[in-house]
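Before any questions on binding or motion, here is one chain by itself as structure tokens, the form predicted on its own.
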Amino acid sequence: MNNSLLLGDEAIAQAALDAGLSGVYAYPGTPSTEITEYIQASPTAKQRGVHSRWSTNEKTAMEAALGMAFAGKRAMVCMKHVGVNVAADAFMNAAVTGVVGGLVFVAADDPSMHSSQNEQDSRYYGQFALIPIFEPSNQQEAYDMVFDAFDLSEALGTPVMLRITTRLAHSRAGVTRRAERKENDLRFSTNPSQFVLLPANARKQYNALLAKQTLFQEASAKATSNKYTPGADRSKGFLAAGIAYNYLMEHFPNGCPHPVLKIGQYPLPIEAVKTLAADCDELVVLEEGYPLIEEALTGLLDSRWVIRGRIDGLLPRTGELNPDHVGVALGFPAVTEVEVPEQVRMRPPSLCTGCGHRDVFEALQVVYKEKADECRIFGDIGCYTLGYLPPFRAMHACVDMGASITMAKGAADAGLKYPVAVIGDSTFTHSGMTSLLDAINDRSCITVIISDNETTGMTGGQQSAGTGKLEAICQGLGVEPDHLHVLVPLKKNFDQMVDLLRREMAYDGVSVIIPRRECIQTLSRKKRS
């Protein structure tokens, strides 16, 4: 077809469109966001009416994608690794129901926690759900694997995971496109009990999933992305998965002298692993994330083989791999650290000048200092999490999406007199609404600040599901009208914010304060357009 220079995320998005996608479902989260944004901006997607509106959270995204696959269409669902936790209920059960149309689940992991709370490895979720996993090593392979994943999903009636990491998602390379395919027609299962997981049906479906494991293994054995290359120097052999394969080959531009088994599809190709092991005395595992392959080898091979990787310390256990890490593992000299000039050193992130969150934290600082011994501030996931950093230092916890309200409630249950929760508008509709309902039902003595910038600011200004609805949601959940307040966070309203915080923190019940001012980044983009 043609060549394009694409991010890994963009290659996946373009492949999905070319493979006959009917809908993408997602909640924005680095490093997965650009997949959905690319489809939203695509003229082809608009012409065909491909669904691409943001979902309220990852669970609703997963369920909607499953609904599209239920109807025989091809669907993709995208999220970052911690979003997989949110989607896990539907994700695990989708493996049991199976699918009619193809369903590709893209999990974008963030080793080194560039923009995340942990480094969890989504391959374990795929293994846990007993479904096939694809892991590309470059942008072209990411593009091609989307086609293969949809085909395998439909051929075997199962969701398929495509696992990528930050470095692949956000780097560019040339991609050659394939011919476009038409979207599927509506089609439904001939098994009336397939998607009804009552225990009697679920047991049958689970047995069917177990029966497919042999087919998954056969597909993996045939996959072109699982490639064994012999080598003359058999003192050691390498299993290199995903982007780690590139880091290995960078050190051997004329070809690796050692045997290499490149892994791009799971379950592991057992016979290929045994072929590699038979050729080598020592096996080195290069994989991004947790030591999933390394652990699997201890079950596949006996103690005669030395298995090296992250577990034994040959490679760092934390953070993302890079060519330097792999070079040291190969015995090359360590790269000498170059001192970075002060002018270009990384600076700590900070809230934008003029951001409404700044005014909220400045007012909160004043009231907190008056009640410091009896007050704690529970934060949440968003750009306002930067309120933890200087100059504000106005946050004592930030754990996961929506936890600010429920942690504040728990602290109130423990006897803390003035618990305050700070949460953003998008995070509130993502995971905060049920937390607020718990607090209302218990009449917890907490103050909830929904800092509303009318967008999903941390990931670039995507649509927020709660825009224009927050007051109605809070009232519907049961917040008393006298203790639901909306104000504009500006310097001229500073004294009003401070007085309101003092008054509502003293209230014996649930108070909700909504400081609302549009994100200055989205506002400036509107003015330029």
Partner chain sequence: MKTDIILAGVGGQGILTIAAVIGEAAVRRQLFLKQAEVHGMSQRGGDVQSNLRLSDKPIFSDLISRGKADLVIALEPMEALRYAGWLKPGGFVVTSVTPFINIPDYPEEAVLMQTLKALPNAHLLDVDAVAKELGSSRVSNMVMLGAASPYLGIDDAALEEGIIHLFGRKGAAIVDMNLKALAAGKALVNHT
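Residue numbers count along the first chain shown, from 1. The structure presented is a predicted model; accordingly, all values stated were derived computationally and were not measured.
Beyond the structure shown, there is the form predicted together with its partner chain, which is absent from this document and is the topic of what follows.
Stretch 109 to 117 is the answer when you ask which of 206 to 214, 420 to 428, 109 to 117, 436 to 444 has residues with heavy atoms within 4.5 Å of its partner chain in the model of the complex. Put simply, Tyr245 is close to its partner chain in the model of the complex: some heavy atom of it is within 4.5 Å. Contact annotation: Ala272 falls outside 4.5 Å of its partner chain in the model of the complex, judged by heavy atom distances. Contact annotation for His258: none of its heavy atoms lies within 4.5 Å of its partner chain in the model of the complex.
Contact annotation: Gly299 falls outside 4.5 Å of its partner chain in the model of the complex, judged by heavy atom distances.
Shown without its partner, this chain lists Val335, Ala278, Ala200, Val399 as candidates; in the model of the complex, only Val335 has a non-hydrogen atom within 4.5 angstroms of its partner chain. Of the listed positions (Arg376, His170, Arg177, Lys236), a single one reaches within 4.5 angstroms of its partner chain by any non-hydrogen atom in the model of the complex, namely His170.
Not one of Ala64, Leu477 and Pro515 comes within 4.5 Å of its partner chain in the model of the complex, counting any heavy atom.
Residues of 274 to 295 are not found to place any heavy atom within 4.5 Å of its partner chain in the model of the complex.
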